[in-house]
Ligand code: ADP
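Presented below, as structure tokens, is a lone chain in the form predicted alone.
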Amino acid sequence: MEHESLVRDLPERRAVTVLPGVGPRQAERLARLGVHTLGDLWFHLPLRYQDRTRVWPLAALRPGQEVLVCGTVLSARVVPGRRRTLVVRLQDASGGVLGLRFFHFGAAQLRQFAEGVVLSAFGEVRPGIQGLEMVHPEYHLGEAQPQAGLTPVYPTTEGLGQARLRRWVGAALELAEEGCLGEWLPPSWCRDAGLPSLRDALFTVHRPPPEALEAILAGEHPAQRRLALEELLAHHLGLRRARQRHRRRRAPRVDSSETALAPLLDRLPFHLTGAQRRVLREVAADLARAEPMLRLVQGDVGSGKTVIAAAAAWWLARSGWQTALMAPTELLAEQHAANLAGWLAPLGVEVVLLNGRQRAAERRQVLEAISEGRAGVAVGTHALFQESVRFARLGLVIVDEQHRFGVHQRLALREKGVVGDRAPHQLVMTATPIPRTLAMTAYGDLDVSSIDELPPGRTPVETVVIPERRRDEVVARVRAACGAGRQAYWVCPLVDESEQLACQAAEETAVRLREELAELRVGLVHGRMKGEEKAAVMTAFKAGEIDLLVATTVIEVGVDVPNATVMIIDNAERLGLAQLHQLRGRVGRGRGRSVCVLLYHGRLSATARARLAVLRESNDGFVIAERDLALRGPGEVLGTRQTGLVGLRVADLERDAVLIPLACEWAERLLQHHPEAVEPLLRRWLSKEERYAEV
């Protein structure tokens, strides 16, 4: 009780209305930013900084710079057109000239800009019709007044300007006296790590002094690292709490011995790799305990993760428990259902498929089989965690391609198996290998297993990068491969943020290729086709009745046609490394030599060139994942739906990777020696939505 009183009475918990100028209306606007208390304002950290510490000569300006300038007005005139604009021309002693362009202006403003008036402005320099210009810059009449330090730019909302936010943050900082900040980390820990106190870190980040300029802009200042470490620590604690709470529940304890697995292994048309056997032993050890398994299985494209899922489902089914397997697309769900049925149905395990396009009668039969316990395995997409789906004895939840779902969706499916203090086991699978630093942060509530070995006989796919002007060569390559009895894919990725446009592009490409390759059987599949149509096309392709399959990225995961040896990815420069690697993984699944052609349009940006070069140099998904993290950042690697990472305010998982092991170590020490600090840290750094540990 004494501790709770201390937390409640800290200035950190005082309402923002104690600040001058913050009335009910302004408090409502701050609330839209998640700012309710002084503590929220202290940790409402700058998105970036503006450098107003020097006045730039106009002759030295370059496009893309955000700078403070000062000059004399040469002219000011209204340019007529569909949209009238006011253009002011400035010149300074360097001889350079800069335009200031205003789309919204009045007569009084025009009179301000008299010839010869000295004017200061701050804004981004852009190329204009008559040279460099700033569009709607901040400005004032008179000489420029450089700031002593960097100027913070905060996240804001409608009706709340930067000037007002800076003033309120400054007023809140004045109340942040030593000893009243809620310093939840032992000071000796920070001193030993060479990091400042919380108060000093906050003052530095909100009001960077001139000498900190270079380090702050690079994100490497000790103050930023101090806050980043605390934020990473809070995220890790949230995941640890989720794990601890879940592990306190009971779970089905099943016979997961090798003897029990033998009937399934005897039916497989292939031998398991050493990596698959190692991961199976790890899963078996989890299932033999009476606490819920929480395991992530990551493995490269084609490494054989589905067999791990089948083995786990078989172990559960032998003991009378059901398994739910959730996949991100209907196509992948259908393929999983077909594979599992082929392996498990002869052993007496009924496998059912649930998707959003089933007719009412068929859906009713599937739901009855699940609710009555007759279905040992239920496979589906998001339809699985709808309210109408009720399991009789759900003992295992498998989520394929976890990064396609949010954490809450994984938990929603898990909750269907929670009865009293009993919870199902969880197995999460991904063919997008996660770099170790991301796995520690994104999947801190899961044990991680890696299938780092491909089945024997798989040959590396040769990858080439070709400009669109050489398209005829690519078409000839497809003709030669199909003429030799092989099959090929031609993928048309999302050209815009519209599935309809992507499908249209695929349809147009199919028409063109049917004309160019009249001797070949050309099929088409895309996301807007009916499920039956897609299934029919994929079945025909797998049976060898289609030579060339034109598709959108709907075939990114799960499609297995060993005879397909050529993959053409059109507009390859528009896709990320992970998606390109997934698509490339559709070929090279047999013993024939395979090739992936990355066909790009126009001039490549430096990032796109680097991305395609990585694919050309490596077939190793783990290497590609690390490079993807370096090129694109953690948000895109994991997907924006990955709750708990999108909200990072200070930490950068690539830049601050060195801090993650320390954050994990400190989390352990806090839980052991200072458990009272955990809840305040979670409240400080995680939003209510991100505190999924409390689900």
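Numbering starts at 1 and runs along the sequence shown. Just so it is clear, the model here is predicted, and its values are computed rather than measured.
Although it is not shown, the form predicted together with the ligand is what the next lines describe.
Residue in contact with the ligand in the predicted complex (any heavy atom within 4.5 Å), chosen from G320, G304, G527, P155: G304. For the options T381, T204, Q276, Q426, the one in contact with the ligand in the predicted complex, meaning a heavy atom within 4.5 Å, is Q276.
Interface residue remark: H271 is counted as part of the site for the ligand in the predicted complex, having a heavy atom within 4.5 Å. Contact check for R521: every heavy atom lies farther than 4.5 Å from the ligand in the predicted complex. Not displayed here, the ligand is kept clear of E415 by more than 4.5 Å at the level of heavy atoms in the predicted complex. Interface membership of P210, defined by any non-hydrogen atom within 4.5 Å of the ligand in the predicted complex, is ruled out. Contact with the ligand in the predicted complex, judged as any non-hydrogen atom within 4.5 angstroms, is confined among 609 to 617, 77 to 85, 294 to 302, 464 to 472 to 294 to 302. Within 4.5 angstroms of the ligand in the predicted complex, the stretch 564 to 594 places a non-hydrogen atom from R589 alone.
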